[in-house]
Structure formats: structure tokens, C-alpha cells
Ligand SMILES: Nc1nc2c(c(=O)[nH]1)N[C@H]1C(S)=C(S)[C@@H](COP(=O)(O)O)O[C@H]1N2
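What follows is a single chain, given as C-alpha cells, in the form predicted alone.
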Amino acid sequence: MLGNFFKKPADDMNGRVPPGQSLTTRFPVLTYGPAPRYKLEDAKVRVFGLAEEREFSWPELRALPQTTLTYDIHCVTHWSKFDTTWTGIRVTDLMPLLSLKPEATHVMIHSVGGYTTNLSLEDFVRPENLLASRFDDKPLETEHGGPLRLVVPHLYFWKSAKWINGLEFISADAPGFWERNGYHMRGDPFNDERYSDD
């Protein structure tokens, strides 16, 4: 049955397919634990750590400039999906609203339910990264991280944390949930960085 939904390409399709990936037209749902369900009015993003602490409410987030981008995404479980379209707040539009301390070099992404994942500031502050609230011009479904998830398309998709509610700026790299459980600290799909010993 999986063969109907996942296709191993004959080549890398002009550099679009990372090593070891198969293509899918579906959007598989992979989550550790149940999807949290909460009201939109309870959605918020807290900024803390090596930054001036502040909290963005859902209305404040929705009032920020919204950008729609289309790109490929790649999951560590060996599937890739081409031409996915997301709408949300560019990280580069959010950053001017934050006041970071000079020693901040990384950010720990926090999610409702306790999930975390780490990113360097270099990987976090890229113009293609979004705090996304819409997928294919529809509100983001809960199972895919709605109402708000991070989308970091240049890294494996576990770095694109679902149900985001916190940005903790830190002075050194530190493992999040999957990184503590053997996944690579960075997770570049084109370098096949799946596990910590890769």
C-alpha cells in the first residue's frame, strides 16, 4: 500500500531530492504523542532567554505581515513533498521586533505539550522560514501543527516544530527532544544528517 503513495525517483530531479528520499503527494502526519487542541485565543508565542522577554498574542501575530511561500519539504523518515505552499510570518519580519543579547547564538523552539528543537541563529533567521498559520490557502490543520508552526524548509522537517509557543534564545547549541534521542543536531537533508553519528 505504501508503494501507492511514495515513489523513489530515478535521479535527484535537478538537485531537488536529497539522498535517501522518496516523493509523496500526500502529507503524512508524524507526531510524538497526541495533537494538542486549544482555542485560537490561547495561541501565543513567548520570547525569552537571552532576549527581552515579551509575548505575542494570537491577534498580535495575525496583525504582522503575512507572506505566502512555496517550497519542497523533507522528512527524516525518508519522504519529500514538492511545491508545498505556506502562509505566515517570515522570521525575518519578526526579528526586528525582538531585542536579543549579543551572546545569543541559538534558539530553542518550544511547543505546546513540551516538544523542543534547536536551531542556530543562522538557520533560524532565513527569509524562507515562516511561523505558518495556513497551508494551501487554508487554516493549518491541528494534525499538521495548527494554529501555528515553524517551517524551516532547508532542514529535515522535525526542525519545523508544530504548535509553537516559545522562542528561547540561548548562548550555545543544546539538544531538543529528538536531538536528545539520537537525531542530528542540525539535520541538513542534502547532507543526509539524520542521526547524531552521521
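The numbering used is simple: start at 1 and walk along the sequence shown. Please read these numbers as outputs of a predicted model, since none were measured by experiment.
Below, we refer to the form predicted in complex with the ligand, which is not included among the displayed structures.
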(message) Taking any heavy atom pair closer than or equal to 4.5 Å as contact, tell me whether Met108 reaches the ligand in the predicted bound form.
(response) no
(request) Indicate whether Phe27 is a 4.5 Å heavy atom neighbour of the ligand in the predicted bound form. (result) yes
(message) in the predicted bound form, is there a heavy atom of the ligand that lies within 4.5 Å of any heavy atom of Phe56, even though the partner is absent here?
(response) no
(message) Does any part of His144 reach within 4.5 Å of the ligand in the predicted bound form? Heavy atoms only, please.
(response) yes
(message) I have Thr31, Arg149 and Lys162 flagged as a candidate spot, so tell me whether each of them has a non-hydrogen atom within 4.5 Å of the ligand in the predicted bound form.
(response) yes
(message) The chain here is shown without the ligand. Which stretch in 46-54, 149-157, 166-174, 63-71 comes within 4.5 angstroms of it in the predicted bound form, by heavy atom distance?
(response) 149-157
(request) Can you tell me which bits of 65-85 touch the ligand in the predicted bound form, meaning any heavy atom within 4.5 Å? (result) Cys75, Trp79
